[in-house]
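Two versions of one and the same chain are coming, encoded as structure tokens; call them structure 1 and structure 2.
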Structure 1
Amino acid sequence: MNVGKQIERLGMMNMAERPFRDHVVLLLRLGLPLLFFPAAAPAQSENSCLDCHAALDPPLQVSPESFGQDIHAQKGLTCTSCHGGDPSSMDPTVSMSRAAGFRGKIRRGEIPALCARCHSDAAYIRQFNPSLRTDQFSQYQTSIHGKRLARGDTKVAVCADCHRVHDIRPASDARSTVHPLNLAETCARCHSNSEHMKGYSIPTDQFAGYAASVHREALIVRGDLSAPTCATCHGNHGAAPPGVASVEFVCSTCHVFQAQLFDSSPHKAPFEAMGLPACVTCHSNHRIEHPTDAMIGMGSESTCVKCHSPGDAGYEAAENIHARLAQLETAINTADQVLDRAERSGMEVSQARLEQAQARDALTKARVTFHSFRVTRVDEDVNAGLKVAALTFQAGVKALAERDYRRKGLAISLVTILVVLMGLRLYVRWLESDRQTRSPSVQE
């Protein structure tokens, strides 16, 4: 059996728990060859941990290259900071001895407390990064993960599951497992694994929904690192599922105006009375798609028909709001078409284009104001947009009229020039004919 396998089988055990026979076997197999074959003995190493573990198979393998990228290694910490032992000795009876403080493999349930020995010590952490928070462990203890771990559930996430083990990178590093671009996949390693999640009574399609969401598109496609990911809504170290009553507050951290409108709307009281979550009822939670005006209408994509039926006030209000939004959108599109024709004709319509942006802003505002669920408030924004769209439409019509006037003037000018040219040509021909007629008499 090679040295790596011996370390895997015996070296990672706690020295106090290792039977005397194993000590003897370890000495015979690892120590005696060094005595009898000193020429073949390896040279003294500064980190015998890496020397041995680099030759092991995963998951015990730790390469110097990957460990060199670890934020702890870059700050001067070594294997012994977590595992104890003496890395300056190649003799496992020394490097992995109880006298050297060797702990061996850290059990899952012990990992959060082990990390907290440093990360909860403000004076210690300040030496490396004064801005790094030191309440991660206390937050973790309040999380759903920490609470279940305290009850003995070792399947829940611990520090190493999210941050990795020997190649931990800062969250600002795009290669980090907790970087915003990678965090959802990190959470999905557990939460999308139906086998791992057995017994927890929660769905495993969260990542599939989030991957199709407008939030994921903003993050991955548009590169907006401020776009929501798992930790934005659930927290990171203090991760917990938002309760029905708190979903609105989670969404309102970004969508402030919509939340204020909803709080003053006629839906607020009924939603609370029926125990319905404010935002999630209409927009879902993980699979949040682009909102469309069809969600307000009465068609198959409408969310209003989930609660309202033809004839009630809510149904009629939704119909009116949908019609008004459609009216403004049509007016904007019509104005755009006229301006496009004028611009393609070479007319100057940049001012009208600039004003047209105000009409689009009014449409966007009206779609937000919809969260008040009051037709009169939506009408205010729609009317403002219609006024601008009418002005830009007239500007486009005027530009087209100017184009037509210029074209007519150009046509008249061209005809006039053509007539003059033809007249000049006829006159020249007449002069030539007259000269030829006079020539014989001159010769005589």
Structure 2
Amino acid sequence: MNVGKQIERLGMMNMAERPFRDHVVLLLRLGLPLLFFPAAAPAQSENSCLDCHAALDPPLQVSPESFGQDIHAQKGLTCTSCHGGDPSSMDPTVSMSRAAGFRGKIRRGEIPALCARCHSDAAYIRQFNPSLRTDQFSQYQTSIHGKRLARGDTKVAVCADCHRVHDIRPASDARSTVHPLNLAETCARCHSNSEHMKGYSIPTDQFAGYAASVHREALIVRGDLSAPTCATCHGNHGAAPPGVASVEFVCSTCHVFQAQLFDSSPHKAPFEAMGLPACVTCHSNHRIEHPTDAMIGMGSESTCVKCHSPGDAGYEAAENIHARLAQLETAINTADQVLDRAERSGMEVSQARLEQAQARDALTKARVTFHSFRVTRVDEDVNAGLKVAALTFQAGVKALAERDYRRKGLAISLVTILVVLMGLRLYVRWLESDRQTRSPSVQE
């Protein structure tokens, strides 16, 4: 509905509503419709494009509701900012004429250049938002998407595939298609679509893998925005597969300790020589799962046995480290059980509980320092943990002994009290029987 129609409708209101109506009309005349009808594009009476296209069927339809949400509309831009044309005429042969600069359908291949007309113009963008970056197009051109598009492949992602059109929102808006919580689905529209990706040599399982990963769990289930989504590892606009050298770098931006340890480990040189990426070789790239101690050692879940076999130094180290971690875990569990029993029987063990956390920290630390792949290094943490666990175990045992002692004491005092009570009762009975045997003589 345009402003003219709204004024017309207001005119049909009854007299009682007049003061309010006058107020509204005044505001409309003052040019404040934007404030009151944000969903209706600015200066709607002048936008014949929107008036007409709102009534058309998809794909030609552009609804005022969705365009009103578009950051461009909200910043005062209109259809003609991107499409050209004359928005003052309802005659399509005039409004959409070449003479009026109308460019009509924008082909996929032309979209990045269209968006870049403004978004690569730092002086222009600064007028609206000085902190908004203006390198999206130059970054895009370095990505696999951009490079392939330049060679005429239009199945790759262009700006509008990730950001959409006519309802583009700021990236920080939780409803934006590029917001961290929504981005994976946006990429998956193509990368999980085997029909679309037919003819390319890459798999289509990235989203499926990522969806089952620790990272997705942290991001979506726990709402931890520090966990990575597709663009955290691949870049927003420079979407490229990280090369072998940079794969380690991707993980190490967040997992600093593991990366440092790996760098000085005996795996660094041979992995490089074999062209193997550091972290991804054991953890995979997308389907990263919660690691367990079973991944070290000899079992079927072990990552070590893929390359090491009985007799070599790596295998021996795996066996040792696995055993040491298991030893500390058992020590912690045993101490926990003793403390549990003591607590259940009402003993005060909160101090030991606090100390027990240190033993658990040591185990966590050992699972990180494990990335040195040196038994001696892991031993340092394990031994520190074992020492604490031994002390807390002792504290638990002591509390239980104390409990037994107190129970004994209690039993003795109970028995004593019982004996005294029984004695009293006997004494009372004796007094009573004594009185009865003497009472007749009193009555006499």
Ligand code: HEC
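Note that the rigid core is defined as the largest set of C-alphas that superpose within 1.5 Å between two forms. Quick note, the numbers are simply positions in structure 1, starting from 1. Everything numeric in this text was worked out from a predicted model, so none of it was measured.
Trainee: With both forms of the chain shown on their own, indicate which is the form predicted in complex with the ligand.
Mentor: Of the two forms shown, it is structure 2 that corresponds to the form predicted in complex with the ligand, while structure 1 does not.
Trainee: For Arg377, is the CA shift between the two structures at least 2 Å following rigid-core superposition?
Mentor: No, Arg377 moves less than 2 Å.
Trainee: Look at Cys187 and decide if its Cα position differs by 2 Å or more between the two structures after superposing on the rigid core.
Mentor: Where the cores coincide, Cys187 shows only a C-alpha shift between the two structures that is less than 2 Å.
Trainee: I want to check Gln74: does it shift between the two structures by 2 Å or more at the Cα, with the core superposed?
Mentor: No, the C-alpha position differs by under 2 Å between the two structures.
Trainee: Quick one: how many Å does the C-alpha of Leu400 shift between the two structures once the rigid core is superposed?
Mentor: That residue's C-alpha sits 2.9 Å away in the other form.
Trainee: Rigid-core fit: what Cα movement does Leu431 have between the two structures, in Å to one decimal?
Mentor: In the core superposition between the two structures, the C-alpha of Leu431 moves 4.6 Å.
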